[in-house]
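Take a look at this one chain, the form predicted alone, written out in structure tokens.
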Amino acid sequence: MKTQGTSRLSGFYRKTLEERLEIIGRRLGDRAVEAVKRGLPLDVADNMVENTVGILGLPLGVATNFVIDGVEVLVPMAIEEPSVIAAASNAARMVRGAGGFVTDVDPPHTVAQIELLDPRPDAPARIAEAEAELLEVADASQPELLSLGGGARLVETREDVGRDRIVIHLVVDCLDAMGANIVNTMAEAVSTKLAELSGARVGLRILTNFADRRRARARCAIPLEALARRGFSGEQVARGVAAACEFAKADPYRAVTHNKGIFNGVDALLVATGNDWRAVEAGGHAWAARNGTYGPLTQWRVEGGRLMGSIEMPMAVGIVGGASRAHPVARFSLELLGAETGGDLAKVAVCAGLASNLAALAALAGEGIQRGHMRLHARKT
């Protein structure tokens, strides 16, 4: 992750639109600012999707104050809902004073599934013996990925998906791409050989968006006094945040709304950078229900005079390919962010989610969610 300067832009929200663009221009140059001012040209949009008739714009804002693994980060967010960017910025300011967010991320391993129907009894053993050959076939379908150091890493057989079906998981290192097109191509490439080995009919061949091998994590620790707000002590707010998290663990109705607040931050960043936010949402919700009951993606507790927060979730994102390459505003957002790898983007995404969740829970624990939210809503009318 490379920094574009400090993310502590005091009073940024008070500045005019022209003044904000001038600040960004001093960081990235006039060319980048012109690109974001022009937005998405209609002819580019026509090449991105079918039957294009126009462009639906979303406000693009910048969440300030983020420090992630010691690096100052401005977080671009594209979202229609007021208060999300302000809330994330405010939460990041509190975390900043305690040293910022600390993150880690798994290798970018994405899984393709190949469904084999009515396989012969010894199919799993035959497939295991042929793993090296299958990996070679998969890699041959993606020579550019292989040349860059990525490629197929593992072949696994799942036998727990039905009496007359086994499912092959082809695990692929996608480097800095989200990887859907890569692994789908590989799945189709190996399917003929798998049919031959298993004696089965080939069913579906497609990635899974449950990217449980590709998770990102973030954590923070905030002194209680930093949480004080509008007549509530820091300890009161912290204990309210922790209690709200316990509520989400006990009640899936509450957990859904809890996680929606997380995705306010995650999705806004992914939309801004041209990533498939729908895939990340699907994987995130599956992770939230992995133990059989839907629960919160974050954890909050009071310990040693600090509010301790953490998040872990699947995060299959990329900085190359797809809309992140074709959309000029997505390119601008990635440049502003300073992400040099897909892993960098994944780390920022979970920090944006953790900050958005903190902001919502702190408001609920204090004056309530509506006061600031409706004040910003009023600007639209």
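We number the residues from 1 along the sequence you see. Predicted model, so just to flag it, every value in this text is computed and none were measured.
Keep in mind the form predicted in complex with ligand MEV is missing from the figure; the text below concerns it.
Candidate spot H258, A360 and L364, all three in 4.5 Å heavy atom range of ligand MEV in the model of the complex?
Yes, all three are in contact.
Counting only non-hydrogen atoms, which stretch in 250-258, 194-202, 98-106, 146-154 is within 4.5 Å of ligand MEV in the model of the complex?
Looking at the partner contacts, the answer comes out as 250-258.
Under a 4.5 Å heavy atom criterion, is E235 part of the interface with ligand MEV in the model of the complex?
Close contact is absent here: in the model of the complex, E235 is far from ligand MEV, nothing within 4.5 Å, heavy atoms only.
Since only the chain is shown here, I'm wondering whether D212 would be in contact with ligand MEV in the model of the complex (any heavy atom pair within 4.5 Å).
Output for D212 is no: heavy atoms all beyond 4.5 Å of ligand MEV.
Classify E81 as contacting or not contacting ligand MEV in the model of the complex by the rule of any non-hydrogen atom within 4.5 angstroms, answering yes or no.
Yes, contact at 4.5 Å.
Would S89 show up as a contact with ligand MEV in the model of the complex if we use heavy atoms at 4.5 Å?
Answer no; every heavy atom of S89 is more than 4.5 Å from ligand MEV in the model of the complex.
Using a 4.5 Å cut on heavy atoms, which of N275, T110, T298, N264 is close to ligand MEV in the model of the complex?
When ligand MEV is considered in the model of the complex, the option within 4.5 Å is N264.
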